[in-house]
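The chain below stands alone, shown as structure tokens; this is the form predicted on its own.
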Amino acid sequence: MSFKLLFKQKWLPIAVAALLMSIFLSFVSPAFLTLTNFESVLVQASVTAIMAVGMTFIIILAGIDISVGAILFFVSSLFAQTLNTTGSVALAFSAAVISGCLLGTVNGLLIVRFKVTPLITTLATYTIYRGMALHLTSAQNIPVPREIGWMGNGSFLSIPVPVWWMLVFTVIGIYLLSQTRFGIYCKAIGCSAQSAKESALPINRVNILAYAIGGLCAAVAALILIARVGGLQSGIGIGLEFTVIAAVILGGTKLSGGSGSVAGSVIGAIFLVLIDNGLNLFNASPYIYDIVRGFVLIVAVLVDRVSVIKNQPNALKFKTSSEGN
């Protein structure tokens, strides 16, 4: 890759920010540069990163999915309940993955069939999915057998299993976005839904598939997370959707749609974990973490907005003049 092409990559700013953050933290604490800490950062980032891969396609379509945290919670609940009831890992795994895809598909169907905005639709399904999970488990914590732990704590070729999952989903996501019609259609529809409609692109099918992929990614992330913590916890997934969205925006995907980067979203997830890692090194209060994430999300949205205004100054002038009339 030439330097000219490198500088055009959407993930470059967040990659530089992550590198600078790493350099700073290495000076703050020598423990940061250890292999153990590096693996810990990647493992912690894996759940958010995998979900961010799916969210990238949704936001490129100028959509949003507030329900991914609730999908993760429901999938975790169904997995734990099925495993403890039947004792079959294969059945529990299948039920979890299929349910994640189905819940994501429901989001897509509601959006394209009833023409309800993605924000309102997924805000409603967030409540429904979380309520379904609480009803399924009676809001109880459910442990899972130790052998399940390999999905979240095991290793293969000396690399943690969650990191392998993250790499696999990143590669697949990059391929789908850059080498398939689906990825091309996502960008085209996100740029202009009207032009895509006039070009007879399968807008509805693309949207439904994108939300289904988002549900699948949330399901896999759920399996990793429940394996890491050793069981279902009633508060699992709360607020995770905003961390995922922040990672995607930080990675260079525009909220207005039409442009994005799967690699950038994954690096954005790693960057957010680096922030948490840094706060931990400073022995910061755990209550500060959410405040910092909130500020990071605001900054990411502002940067995205400034980028849109910079690239579309005429559109802004038109809007201003229209409001004046």
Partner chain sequence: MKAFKKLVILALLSASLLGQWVMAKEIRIGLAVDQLFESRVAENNAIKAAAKKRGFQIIEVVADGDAQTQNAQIQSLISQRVDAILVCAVDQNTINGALMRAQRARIPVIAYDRKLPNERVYQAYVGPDSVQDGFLAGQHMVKQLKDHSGEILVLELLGALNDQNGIDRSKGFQQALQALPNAKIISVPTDWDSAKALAATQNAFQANPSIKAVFAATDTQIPSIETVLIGLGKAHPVGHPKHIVVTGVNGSNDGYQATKKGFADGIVVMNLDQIGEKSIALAEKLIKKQKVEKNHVVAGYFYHSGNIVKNKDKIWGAGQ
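We call the rigid core the largest set of C-alpha positions that still match within 1.5 Å between the two forms. Positions refer to the first chain, counted from 1. Everything quoted here is computed from the prediction, not taken from an experiment.
Just so it is clear, the following notes concern the form predicted together with its partner chain, a form of the same protein that is not shown.
- The closest non-hydrogen atom of V171 lies beyond 4.5 Å of its partner chain in the predicted bound form.
- Interface membership of R146, defined by any non-hydrogen atom within 4.5 Å of its partner chain in the predicted bound form, is confirmed.
- With a 4.5 Å cutoff on heavy atoms, G183 does not count as touching its partner chain in the predicted bound form; it lies far away.
- Proximity of S40 to its partner chain in the predicted bound form: non-hydrogen atoms within 4.5 Å are present.
- The candidate site formed by T48, V163 and N204 is entirely out of contact with its partner chain in the predicted bound form, as no residue has a non-hydrogen atom within 4.5 angstroms of it.
- Note that among 174 to 182, 231 to 239, 89 to 97, 188 to 196, the stretch whose heavy atoms approach its partner chain to within 4.5 Å in the predicted bound form is 231 to 239.
- In the predicted bound form, the residues of 117 to 142 lying within 4.5 Å of its partner chain by at least one heavy atom are, in order, R130, S138, A139, Q140, N141.
- A displacement of 2 angstroms or greater separates the C-alpha positions of P286 between the shown form and the other one, with the rigid core held in common.
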